[in-house]
Every structure is written in C-alpha cells, then in structure tokens.
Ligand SMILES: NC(=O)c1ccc[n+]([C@@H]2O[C@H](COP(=O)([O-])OP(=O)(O)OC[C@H]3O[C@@H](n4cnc5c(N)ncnc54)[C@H](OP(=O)(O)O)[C@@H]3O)[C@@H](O)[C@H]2O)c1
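Single chain ahead, written as structure tokens, the form predicted on its own.
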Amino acid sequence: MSTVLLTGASRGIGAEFVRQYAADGWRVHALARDPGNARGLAEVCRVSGDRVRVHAVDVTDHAAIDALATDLAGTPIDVLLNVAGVLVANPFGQSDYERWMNSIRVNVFGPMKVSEAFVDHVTASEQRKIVTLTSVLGSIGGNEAGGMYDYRSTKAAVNAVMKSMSVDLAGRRIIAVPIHPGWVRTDMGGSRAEVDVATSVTGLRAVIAGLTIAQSGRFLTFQGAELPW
C-alpha cells in the first residue's frame, strides 16, 4: 500500500487530496493546523475509515513537525505533498511586512522544514517524491501584471527551494518538483476561479503519478505543462 503525507489537509485542495488518495486505497497522513474545526476533512475521514490518520500540526511549528517525524520513524512515505499556504497580496506602497513575514514562514519555511524532517521517510519509499504546490504567480519570466509582491515573492522563493532540493537529493533518487494547481475555486482562489477542486486534484495526481527522475526540478502545471521560472 502506497503512503502519502500532506500538509494543509483541512479544506480545499488538501482535503480533496485526502479524499482521492484514500478512495484509491492509499494510506494517508493528513496534517492540519486545527483538525477539530476542519469540517471538510472530518467528512472525508468519516468515509475513509482507518486509511486516513489526522495529525494536528501547524507548518510554522517546527518542534511539532520534528515530533511527528519521530513518531512516524520507519514509515516509508511515497509522496510528500506540501499543500499548506497563505495568500497575502498588498499593492506597492501598502506592504504589511508582518503579514509578509508570516507568508514566508508558511509558504517557504513550511515546505522546507517538512521536507527536511521527512526526507528519510521519503528515501525509504518506492516512489520517492516531494511535491510542493506553488503558483504561476511565482514565475518571474511570466510576470507581466506586476503587483502581489508578498505572494509572488514567496512562491518564487519556494520554487527556488524545490529546484535546489532536486539537485541536492538526486543522490537519493528523490524527485522534487513545484507544481501549479491552476486557479482553483477555493477559499483562497475565490468563486471566479477557472478550475474546480476535484479537477485540479485529479490532474495533480496524474502528473505526480507520472513523474520521472528526469523531471525533477522542473516547474509544472496540474496539466503537465512546463512553466518558465
């Protein structure tokens, strides 16, 4: 049985990942900041039975991440999915630096810390994949609209993190990629977004399932296309 561990499982894309992977018979470790208030996740768990194990972990709490990694020592993790993220998008001249720093902690430090804590678990698996959900808005080459300094900068930064990870973990045969899930209709994406959650996650899972070591370090979309850095 394959195993996936993902952050940001409480709602939206994260909860749909839990639902789809569990429905396909995967063992799922679902990390959520406040599982008690995650109604979407609770419903998924109700129908998924013991295939899903929920962990109350905030990705900014490094001690909690380390504790969970110790608790799961010896557990191979085929796919490590960094889903948790926040969106702050203040225009030029109105930067909220405290909120910006929190975005860095969640969007950049979070995926890095989780990946470092669980790298041995991934190494021990068959698939050996570390995936971080990023955004096309993190593409410097594709930025023609400006604005969104805080969000763009954190996504560009985590793209750089994943690229370096793909190089540093190549000796372990780990595939590390950032993937854009599309503009998805979630609390973050809003009601006018182009893609529904189920379609995005179905596409993401297909891309993840087909990843090869030759694709490690590439910047991909949920449809498998490659984006400019």
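Start at 1 with the first residue shown and count on from there. Only a predicted model underlies this, so the values are computations on that prediction, with no experimental measurement involved.
Just so you know, the form predicted in complex with the ligand exists too; it's not on screen, but the next bit is about it.
Student: Pick from 81-89, 141-149, 67-75, 118-126: which stretch has non-hydrogen atoms within 4.5 Å of the ligand in the model of the complex?
Tutor: Heavy atoms within 4.5 Å of the ligand in the model of the complex occur in 81-89.
Student: Checking a candidate spot here: are 3, 163 and 178 all in contact with the ligand in the model of the complex (at least one heavy atom each within 4.5 Å)?
Tutor: No, the whole trio is out of contact, none within 4.5 Å by any heavy atom.
Student: Does residue 218 make contact with the ligand in the model of the complex, using a 4.5 Å heavy atom cut-off?
Tutor: No, residue 218 stays farther than 4.5 Å from the ligand in the model of the complex.
Student: Using heavy atoms and a 4.5 Å limit, would one call residue 205 a contact residue for the ligand in the model of the complex?
Tutor: Looking in the model of the complex, residue contacts with the ligand do not include residue 205, since no heavy atom lies within 4.5 Å.
Student: Do residue 184 and the ligand come within 4.5 Å of each other in the model of the complex, heavy atoms counted?
Tutor: Contact with the ligand, yes.
Student: Does any heavy atom of residue 57 come within 4.5 Å of a heavy atom of the ligand in the model of the complex?
Tutor: Although the ligand is absent here, residue 57 would touch it in the model of the complex, with heavy atoms inside 4.5 Å.
Student: At a 4.5 angstroms cut-off on non-hydrogen atoms, which residues of 128-147 are near the ligand in the model of the complex? List them in order.
Tutor: Heavy-atom contacts within 4.5 Å come from 133, 134, 135.
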